[in-house]
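Before any questions on binding or motion, here is one chain by itself as structure tokens, the form predicted on its own.
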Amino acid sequence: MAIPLKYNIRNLFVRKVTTGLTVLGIGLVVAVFLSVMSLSEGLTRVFKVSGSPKNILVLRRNSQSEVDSGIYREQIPLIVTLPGIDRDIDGNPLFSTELVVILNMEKNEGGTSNVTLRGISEKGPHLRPQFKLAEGRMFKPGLSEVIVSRSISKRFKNCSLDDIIRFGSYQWKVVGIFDADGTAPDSEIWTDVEGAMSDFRRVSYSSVLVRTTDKLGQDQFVTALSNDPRLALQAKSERSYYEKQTSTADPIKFFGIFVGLIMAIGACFGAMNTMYAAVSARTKEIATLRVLGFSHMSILTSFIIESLLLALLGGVLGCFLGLLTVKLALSGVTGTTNFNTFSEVVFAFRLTPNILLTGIVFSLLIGLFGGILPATQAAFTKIILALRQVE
């Protein structure tokens, strides 16, 4: 025979102060855990949604990123004549030769960080469907002009419209601000690829971005490129290239889980202390329940359910606090280092339904581990010893 659930709910509200403090403690643990996980999710999203499934990124063979890649000018005509490449309305192949350079720039709040300066050719923006020019105009080739992502313009000095970006003896005028809907280009500055090649005295491009016709065309292009003995190059799906960079978020995930576990241990002790106090105060009730015929298992289950209800209240509070934190205190963009390119990655915190559900499960685990020992003590209290305390 099971003990009615209302018995446990009633007892939670009888000890209002103790219950409230325990719920608050669990709620704060869950809120911190959710905040760190939302940071990790925001960073991961940048790479997962970047790129087009039709785009292929051509790099030097064995290169891990565009930063350590190199493609010579004389290789470009060989690349763009390979099968599978899509064409514009004039019949010209859709591709963009690109150069990636890392600039060390000053942040608005102090300190410096590396920022990606990307030189692109005329069709570069058209190959990125998320790109949208928000302010100003596109740069003109040969005039040392750049367009800057809105996120970068907010975080770094001299990156607003009409500002001058200086790096060593080089300088570029900001003529436009663009938005890339939270994808990888939101962490970049764009300029004319040939101007960048001249400014930095480079003899090779970093990569070539190619638009293929469809999945069959993509396979044809990749096969032709790998089989061409004149080219020591490799082709990667643009989307898979960015997805591999999600490893940047791994240290943050580890940190979140580590901090969450440390705090969860403390919350477990808090829940355990509350449940031990409940067992101690209700020795008479437990003895009476045993006399009435309730089994050890019924009492054990009842007290574990009570601990889970306590933790659930804390989990709900933690989700509410987490939402408030992300929406109010962490609503802007932030940045970290991409460990593949060692440049700034700009992203926003994202608290998804799956993360909220994880927070609830996390709180229930706290309640489960915090309630097992007190529930066991309650279930196996000897009736004779308990009845001696009954007046």
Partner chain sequence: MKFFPLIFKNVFRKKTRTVLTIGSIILPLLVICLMGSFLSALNMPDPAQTRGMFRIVTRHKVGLASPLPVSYAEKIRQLDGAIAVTKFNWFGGKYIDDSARNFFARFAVDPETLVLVFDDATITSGSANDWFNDRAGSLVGEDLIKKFGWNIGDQVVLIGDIYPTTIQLTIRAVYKLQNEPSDALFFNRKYLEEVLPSFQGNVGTIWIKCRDGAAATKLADEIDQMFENSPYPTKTESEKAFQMGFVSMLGNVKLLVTSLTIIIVLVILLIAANTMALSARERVREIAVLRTLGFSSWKILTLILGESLILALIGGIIGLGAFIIGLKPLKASLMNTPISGFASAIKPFPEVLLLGLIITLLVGLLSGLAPAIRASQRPITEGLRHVG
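Residue numbers count along the first chain shown, from 1. This one's a predicted model, so the numbers in the text were calculated from it and none came from an experiment.
Just so you know, the form predicted in complex with the partner chain exists too; it's not on screen, but the next bit is about it.
When the partner chain is considered in the predicted bound form, residue 112 lines it closely, a heavy atom lying within 4.5 Å. For residue 107, a non-hydrogen atom is located within 4.5 Å of the partner chain in the predicted bound form, even though that partner is not displayed. The partner chain in the predicted bound form comes within 4.5 Å of no heavy atom belonging to residue 165. Under a 4.5 angstroms non-hydrogen atom cutoff, the partner chain in the predicted bound form has residue 274 among its neighbouring residues. In plain terms, the part of the chain that comes close to the partner chain in the predicted bound form, with a heavy atom within 4.5 Å, is 264-272 out of 74-82, 264-272, 296-304, 218-226. For the three residues 24, 102 and 258, a heavy atom within 4.5 Å of the partner chain turns up in the predicted bound form in every case. Note on contacts: among 36, 323, 355, 365, the single residue with a heavy atom within 4.5 Å of the partner chain in the predicted bound form is 36. Contacts of stretch 28-54 with the partner chain in the predicted bound form, defined by any heavy atom lying within 4.5 Å, are made by 28, 29, 32, 36, 39, listed in sequence order.
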